[in-house]
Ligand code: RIB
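In the form predicted alone, a lone chain appears below as structure tokens.
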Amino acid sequence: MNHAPSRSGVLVAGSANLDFVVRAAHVPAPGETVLGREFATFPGGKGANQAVACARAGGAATRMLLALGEDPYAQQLEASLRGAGVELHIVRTPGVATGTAFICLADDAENAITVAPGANNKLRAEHLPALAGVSHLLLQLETPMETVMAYAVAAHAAGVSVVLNAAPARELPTGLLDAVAVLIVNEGELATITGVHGNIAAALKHLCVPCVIVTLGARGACARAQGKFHLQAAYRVDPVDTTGAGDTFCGAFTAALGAGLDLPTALARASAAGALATTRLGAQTGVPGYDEIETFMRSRAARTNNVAAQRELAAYCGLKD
């Protein structure tokens, strides 16, 4: 049960896929065939994962705009989203299959993912619902770029804060970045957008977005807002599946902003949610609940963000003392 205060609603617009997951000793190299073991299907897609995280981990009133085919895959995705308390705006696509993703999950918890977008490619600008009661619009890049840009521009014009998770990695139009209040990327995505490799602080100088969050996996996260840096060391866990951990971070972070939390607190909650998500299988099934995150953070408070960890993270990001 979620007990988070929700000042206003979050609208997530994006992808929904059914994930086909096979476990193996390692992710295959190019041209290599690997003999897998366990196989299962899980509801996924970056947009749907983030919507579930907004609602379940963040306790936010959450709606989602998504496109689905008229097939059994769609039913599983709908059930997962509704089960998390997400209100759905569904665009049906007769004759076009629901999106799917094929995931190889290695024993070290790393993964390799191939996505077949299907119905996700059918989202259009005119599908954006009314934004009354919405404080934040959360977007990703698994739907057409022109659609993402149209949504961002419309929301920005309506006074809604736009949060963009620029994944999968692609170059971004200037007009899109101009409409974004918060940009969330990993290291590879940051390098793709800025053309700067190997120095996070230097890369961030090339972005004029008011707030940029860089997720750093097991190291933690780095944020720059209004010229000031904020660092969040990672919560230490024993991961079993990293699929969807970044999406959990994005959803929990956006929900925290919608609840009026400050940036350091939002970073801490999102980092804890992402860490917990790696300790269980499945992108959406692995999303923790709000109360679970609260308990986890209290139990780890003394071991997170100590001076040594902060200094190590600062050095990695290219920040001077």
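Treat the numbers as computed from the prediction; the structure is a model and nothing was measured. All residue numbers are counted from 1 along the displayed sequence.
The same protein also exists as the form predicted in complex with the named molecule; that form is not shown, yet it is the one meant from here on.
Visitor: Of these, 249 to 257, 58 to 66, 290 to 298, 40 to 48, which stretch puts a heavy atom within 4.5 angstroms of the named molecule in the predicted complex?
Guide: Looking at the partner contacts, the answer comes out as 40 to 48.
Visitor: Quick one: is residue 142 in contact with the named molecule in the predicted complex, heavy atoms, 4.5 Å cut-off?
Guide: Yes - in the predicted complex, heavy atoms of residue 142 and the named molecule come within 4.5 Å of each other.
Visitor: Hey, in the predicted complex, is residue 96 touching the named molecule, heavy atoms inside 4.5 Å?
Guide: Output for residue 96 is no: heavy atoms all beyond 4.5 Å of the named molecule.
Visitor: Is residue 84 close enough to the named molecule in the predicted complex to count, meaning some heavy atom within 4.5 Å?
Guide: No - in the predicted complex, heavy atoms of residue 84 and the named molecule never come within 4.5 Å of each other.
Visitor: Hey, in the predicted complex, does residue 177 get a heavy atom within 4.5 angstroms of the named molecule?
Guide: No, residue 177 sits far enough from the named molecule in the predicted complex that none of its heavy atoms falls within 4.5 Å.
Visitor: So which of 125, 225, 115, 216 gets a non-hydrogen atom within 4.5 Å of the named molecule in the predicted complex?
Guide: That would be 115.
Visitor: May I ask you to choose, among 74, 160, 105, 101, the residue with a heavy atom within 4.5 Å of the named molecule in the predicted complex?
Guide: Flagged contact: 101.
Visitor: Within 4.5 Å of the named molecule in the predicted complex, counting any non-hydrogen atom, which residues from 238 to 256 show up?
Guide: Residues within 4.5 Å: 243, 244, 247.
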